[in-house]
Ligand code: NOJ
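A single chain comes next, written as structure tokens; it is the form predicted alone.
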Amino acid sequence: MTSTTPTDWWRSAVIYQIYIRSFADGNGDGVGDITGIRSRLPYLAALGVDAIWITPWYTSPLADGGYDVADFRAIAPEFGTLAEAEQMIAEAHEHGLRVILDIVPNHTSDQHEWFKEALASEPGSPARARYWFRPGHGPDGAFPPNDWRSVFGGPAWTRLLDDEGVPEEWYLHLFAPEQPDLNWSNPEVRQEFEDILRFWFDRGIDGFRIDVAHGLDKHAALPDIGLDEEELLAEPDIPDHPHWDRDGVHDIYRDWRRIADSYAGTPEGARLFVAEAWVRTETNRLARYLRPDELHTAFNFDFLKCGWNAEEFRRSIDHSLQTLGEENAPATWVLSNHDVIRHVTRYGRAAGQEHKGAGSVPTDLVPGVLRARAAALLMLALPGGAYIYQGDELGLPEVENLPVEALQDPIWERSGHQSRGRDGCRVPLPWSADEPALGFGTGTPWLPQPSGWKDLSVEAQTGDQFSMLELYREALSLRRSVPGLGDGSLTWRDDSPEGVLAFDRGTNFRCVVNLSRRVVPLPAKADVLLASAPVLDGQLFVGAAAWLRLR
């Protein structure tokens, strides 16, 4: 791997996402927690990742899986205590793992002290000015202030009732009603989050993943959009969108970057920001978040959205490397996360149906697993950093048949039971074949696990040279030892057959991915370092990938 300094470690880092509720349960209540994370740090270090990203562990009513934060400086009791969090951070560092936390700046919980104060205050008060409170339109203000839609379905406005039950103002929530949006034109909001950043930086965390990084700035006039509905987190193709990807977010992140850089002299070194920014992929607007005085990295959702198609992958890779390279920013690749259908399932679906809702289209997991193995080698060979969502390394599929009574994602209710939401990618991990929780913990898991997952558990896959887990372990080990991998550039081999991606890294490494419908020969003067499927007589199977050392 290309060497890095402590100030740019993220340019090559492989970061493991922990969805804390579903990673490991240390106290037997059926919910993952900090004790569970601490118990699995040796596993993560041996896997070969460089850092862990932990989804929100703050105090929360859990209306949206912890992304409705009631106190950004306190740990939710079901996850542990602040002292345990500090101990976990120290232990992660002892294992050579950096720690990244989620920060949720677009909104708070409706149980946050600020919002409770706003509800108890009069219209026009300073307490309400921290959020977006507005009178409605029409007779007696009976209609929402504008036509904005919630990402989770339905209108983005909820009307308040006073103590006598009389309707009054409306408040904005681009997500669930329990997640009121903050008003980032308010200096008090800006100061509060700068203090929150320092609070956690002072406790040794190495960076933040910024939730809905593209959504903080809203048009002051709150104009109508003119659309009936919007795709999840996507920016419609209209100019000057009133609440997604507005220019005002960049002033916020310049201030944040100065805070992160001020920690460069500490033992942990400079701190990282990674943006969850959904922007139009045909533009270079994502690169604007990664200018030298703003954020460091951003998730590459365009790559995640690619179907199993060589042209799609190459277009996405070229576009990302070109646009981000103009800002000297590293690319960051990802195949799955806690908000999307797991890629083992996506790659087992027909073209154009990869991102349909859970249980809505047929899935064949045989090609899905084969392609997911190849995609892992593709991603880990590309220039820049990469994210692994917990369970990717086990080849876990989406759980598409969860009982409806088990569903907890607010999308299920907000969609009128039309969309099963994201619970299928959040089912607790299988660590062993032990019942009832497959090693996740001693209690009943908060979401039920398929019984067949015992064959996909860490225990079952460890030592099996053909397993997904051992493929990831070997790939991550090679990524650390092979010169040219990690940060840097790539050179495409344009003499490769149609439907085959082939590129060189460094002087003697080549990655070949066969997305065609026929087997293809590998170069004669090359040794196979690692392959996602057996290589027989120098032939790469359909749906397979190989890492080669050129002679």
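Note that the structure is predicted; figures quoted are calculated from it, not measured. For every residue, the number given is its place in the sequence shown, counted from 1.
Just so you know, the form predicted together with ligand NOJ exists too; it's not on screen, but the next bit is about it.
Novice: Since exactly one of 354, 169, 276, 217 fits, which has a heavy atom within 4.5 Å of ligand NOJ in the predicted complex?
Specialist: Contact check passes for 276.
Novice: With ligand NOJ left out of view, choose which of 107, 98, 371, 342 has a non-hydrogen atom within 4.5 angstroms of it in the predicted complex.
Specialist: In short, 107.
Novice: Want to guess which of 193 to 201, 362 to 370, 125 to 133, 334 to 342 is within 4.5 Å of ligand NOJ in the predicted complex, heavy atoms only?
Specialist: Careful reading of the contacts points to 334 to 342.
Novice: Does ligand NOJ come within 4.5 Å of any heavy atom of residue 209 in the predicted complex?
Specialist: Within the cut-off, so yes.
Novice: Looking in the predicted complex, any heavy atom of residue 33 within 4.5 Å of ligand NOJ?
Specialist: No, residue 33 is distant from the partner.
Novice: Counting only non-hydrogen atoms and a 4.5 angstroms cut-off, does residue 50 reach ligand NOJ in the predicted complex?
Specialist: Contact with ligand NOJ, no.
Novice: Verify the contact flag for residue 179: yes if a non-hydrogen atom of it lies within 4.5 Å of a non-hydrogen atom of ligand NOJ in the predicted complex, no if not.
Specialist: Residue-level check for residue 179: yes, a contact with ligand NOJ.
Novice: Would 9, 296 and 487 all count as contacting ligand NOJ in the predicted complex, using a 4.5 Å heavy atom cut-off?
Specialist: No residue of the spot touches ligand NOJ in the predicted complex.
Novice: Judged by heavy atom distances of 4.5 Å or less, which residues of 423 to 441 approach ligand NOJ in the predicted complex?
Specialist: Contacting residue: only 426.
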